[in-house]
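In structure tokens, one chain follows: the form predicted on its own.
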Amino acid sequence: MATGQGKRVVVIGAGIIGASLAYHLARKGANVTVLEADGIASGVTSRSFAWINTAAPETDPIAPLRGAAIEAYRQLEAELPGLTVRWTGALSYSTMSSAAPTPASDSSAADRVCRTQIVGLEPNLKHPPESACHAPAEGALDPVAAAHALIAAAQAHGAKVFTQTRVLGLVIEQAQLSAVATAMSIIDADSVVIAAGTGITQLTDSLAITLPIAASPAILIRYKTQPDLVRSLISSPVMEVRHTADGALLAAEDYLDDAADNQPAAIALRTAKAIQHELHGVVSIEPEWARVGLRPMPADGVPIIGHLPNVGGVYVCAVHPGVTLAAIVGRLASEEIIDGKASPALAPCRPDRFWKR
């Protein structure tokens, strides 16, 4: 089996997590093949609000990962001209403003700001709170464009990418991965990284390894409206909104249930009214689309990242929040796979935690 550079690694999934893994692995000299059942970033990545948000509760076991997210994205921006983050900052407040989340590290330092400062930051707010949490270092990106930039960079380092290619199964010989089977071919591999979002469990179940990953729905809405309604990203009890680089307004909403009045189109109309109620300058606001994304949500809310037990060469990446953590997870996981360098920041994410209880 190859070790280090030249190691044959198959990455299953070309969302932003798989794309980041492919880039970092190829950059380290691995012989990378990416297999994607549909198109690049065609799944939940394309339905992500894509907020690089490092705030977390004090007890968050992955606080070190969140804290390293911004630095990792800034490094990617320096390496890849095609990957751009809009570092607009973020303004967060809840019904009880003091309950706003705290930053995960000094790299994403957030300030408590008063109403006067809030109005200065977001002058179109009609009902500014008494106080809020302002994180000037945070931002957002176009996750589809980012995934394409990462895949293109991986290909520049020699990676092979096959879209519209469904994986049928993993070939295991003497408890060690030997190949990945698709409808078209058998691909010999030393390691496989399963980064297929909610499709991960289908492959791990075939190995008689059950991972508790649920498909957690959320709604992303894109509106055509006036430009520059918000300067940064606003997360409040009423709305979570930001502008895209082309001037559209994005909103993130929870998926409530399957009732007719809670379908994405209906929620988009209700959210539009809420935005109009909260912001000055909204002369018109028309939904362009509203889409449901199915996030891979581990049962305990902590990402599942690492080698599977009892079978060699199989590495899993089930990550939420995926866009936030893509850059740092891609870097650290590639070091583990290629260099055998275990990352302390990934220690809380190991798959075997579900069998150690």
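Keep in mind it's a predicted model, so treat the numbers as computed, not measured. The numbering used is simple: start at 1 and walk along the sequence shown.
Just so it is clear, the following notes concern the form predicted together with a small molecule, a form of the same protein that is not shown.
Exercise. If we take heavy atoms and a 4.5 Å cut-off, which stretch out of 22-30, 320-328, 305-313, 56-64 is in contact with the small molecule in the model of the complex?
Worked result: Stretch 320-328 is the one.
Exercise. Do residue 12 and the small molecule come within 4.5 Å of each other in the model of the complex, heavy atoms counted?
Worked result: Flag for residue 12 set to yes.
Exercise. Applying a 4.5 Å heavy atom distance criterion, does residue 35 contact the small molecule in the model of the complex?
Worked result: Heavy-atom contact with the small molecule at 4.5 Å: present for residue 35.
Exercise. Closest heavy atom of residue 150 to the small molecule in the model of the complex, within 4.5 Å or not?
Worked result: No.
Exercise. Taking heavy atoms and a 4.5 Å cut-off, does residue 196 contact the small molecule in the model of the complex?
Worked result: Residue 196 belongs to the contact set for the small molecule.
Problem set entry | Listed residue that, although the small molecule is not shown, lies within 4.5 Å of it in the model of the complex (heavy atoms), from 219, 170, 234, 76 | It is 219.
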